[in-house]
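So this first bit is one chain, no partners, the form predicted on its own, shown in structure tokens.
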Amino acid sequence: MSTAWNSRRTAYALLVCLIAASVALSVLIERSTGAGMTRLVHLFDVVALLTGAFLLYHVQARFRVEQQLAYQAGHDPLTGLAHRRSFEARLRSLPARPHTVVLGTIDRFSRIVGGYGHGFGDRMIIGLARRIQHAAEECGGEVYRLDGANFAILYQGRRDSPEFDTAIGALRARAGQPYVCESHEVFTTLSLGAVCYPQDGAEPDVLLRNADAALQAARQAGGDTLVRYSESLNAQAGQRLDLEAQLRRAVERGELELHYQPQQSLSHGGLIGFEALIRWRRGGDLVAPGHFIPLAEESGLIVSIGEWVLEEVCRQLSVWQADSGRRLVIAVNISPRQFAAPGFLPHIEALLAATHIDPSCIELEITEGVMMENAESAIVLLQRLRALGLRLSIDDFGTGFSSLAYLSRFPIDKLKIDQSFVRDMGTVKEQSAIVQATIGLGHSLGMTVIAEGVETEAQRALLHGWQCDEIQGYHYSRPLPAKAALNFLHGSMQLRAA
């Protein structure tokens, strides 16, 4: 606006100067004759020409500025793609024939930013935006950047056509190629949700809401997939919102409880501790952890729930140790968001100071992926937790990604072999090799090794023969409510005494 105003002011000043020059020239003409008058006329022509050139220049400059402002108002400054408002305006102007709207997001992008920084993330977004744009435009699509790692693509035609399947295949193939920057190689995938205009919505807000429901379903399915919208997705989204609202009240209503799964030593066969597993009893029925734990993680409720779990474990330890007089170790799962929360360490410090629990009776189970997202800061935090006297273990080892160079620096007491390897280790030689290698690795690093998901005597015998230290699973015991777990503890003490 200020540039345009300056252009007008400059042009006005030039016109004033031209008028003044004309008046002065008129006076001179009255006083001049012959050749002098001719020169003055020529001079007037030159002044008029220069004035016209200046005016034309300023008009063109104003036009360019207005064009630039109009472009910036409709495009994303990072990628140069049209942005959300442009996309919504495009949807409002669609002709009444089938179009397919695809919303997409880059899977695990926050993990990439956490590992390599925001600058790397911006450069990666720029590179992927070019790939997505090329792949889409080759199939007649239009690409828009909505925000963050989220894109929108508009295709002509229906979402159930062969042409659309070809377009999506090309898009996923192009996005799946490794991205290399600053000596880092990153493989990316896309979660995609598709809706059809006007079948799935004639208004932009309805169409976007339905497309987002399909996108969220793709993310919940693990990513790297396309979900086509159906009406049931909105019902599921509504149910998730209701479930989240109820989960927010679960702690204050006393609906959460802990079950404890016993862990067995393979050297002497006795009980060595429990793993605390959270359960939600809603309306008298238990809600499967797989239904509410991901929701709690996504919404951030897992932080407050995790704090409650630690408090309940400390309380339960005090009760059991006073009842049995025996020292026990209880393992507690720490979620990624809880581990990254600023108040995580202060809460544990305050809890230990208030309850006077022996810190070595609490074992924090943390996934390897969480620690590798920002390995250096994770090492510092783990060392501070270890300095408090807490025991630390890597949960679900082998299912994430890790660096042996970092693993040797983590102050870890225990490796837990994921049940996915234990389940088929007796019949799949590759699984058997992974389990044996993990046991050897853990022992070489001075760690205890525990296998979860042990359900048969044959599995237990194999692990015992491979010198695994501990097991956990249905073969030894299912997770038990607190009272039943105390009875299990008493029974274990009687067996050892006998």
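Remember, it's a predicted structure, so these values are computed and weren't measured experimentally. Don't overthink the numbering: it's just position in the shown sequence, from 1.
Although not depicted, the form predicted in complex with a small molecule is the subject of the following passage.
Student: Can you tell me which of 247 to 255, 227 to 235, 327 to 335, 112 to 120 lies within 4.5 Å of the small molecule in the model of the complex, counting heavy atoms only?
Tutor: Partner-contacting stretch among the options: 327 to 335.
Student: Taking the small molecule as it sits in the model of the complex, is residue 277 near enough to touch it, meaning that at least one heavy atom pair lies within 4.5 angstroms?
Tutor: Contact check for residue 277: yes, within 4.5 Å of the small molecule in the model of the complex.
Student: Even though the partner isn't displayed, in the model of the complex is residue 176 close enough to the small molecule, meaning a heavy atom within 4.5 Å?
Tutor: Contact with the small molecule, no.
Student: Would you classify residue 453 as touching the small molecule in the model of the complex, given a 4.5 Å non-hydrogen atom cut-off?
Tutor: Yes, residue 453 sits close enough to the small molecule in the model of the complex that at least one of its heavy atoms falls within 4.5 Å.
Student: Report yes if any heavy atom of residue 390 sits within 4.5 Å of a heavy atom of the small molecule in the model of the complex; otherwise report no.
Tutor: No.
Student: So which of 200, 212, 365, 368 gets a non-hydrogen atom within 4.5 Å of the small molecule in the model of the complex?
Tutor: Selected option: 365.
Student: May I ask you to choose, among 80, 127, 289, 270, the residue with a heavy atom within 4.5 Å of the small molecule in the model of the complex?
Tutor: None of the other options qualify; the answer is 289.
Student: May I ask whether 100, 153 and 187 all come within 4.5 angstroms of the small molecule in the model of the complex, judged by heavy atoms?
Tutor: Answer is no for this spot.
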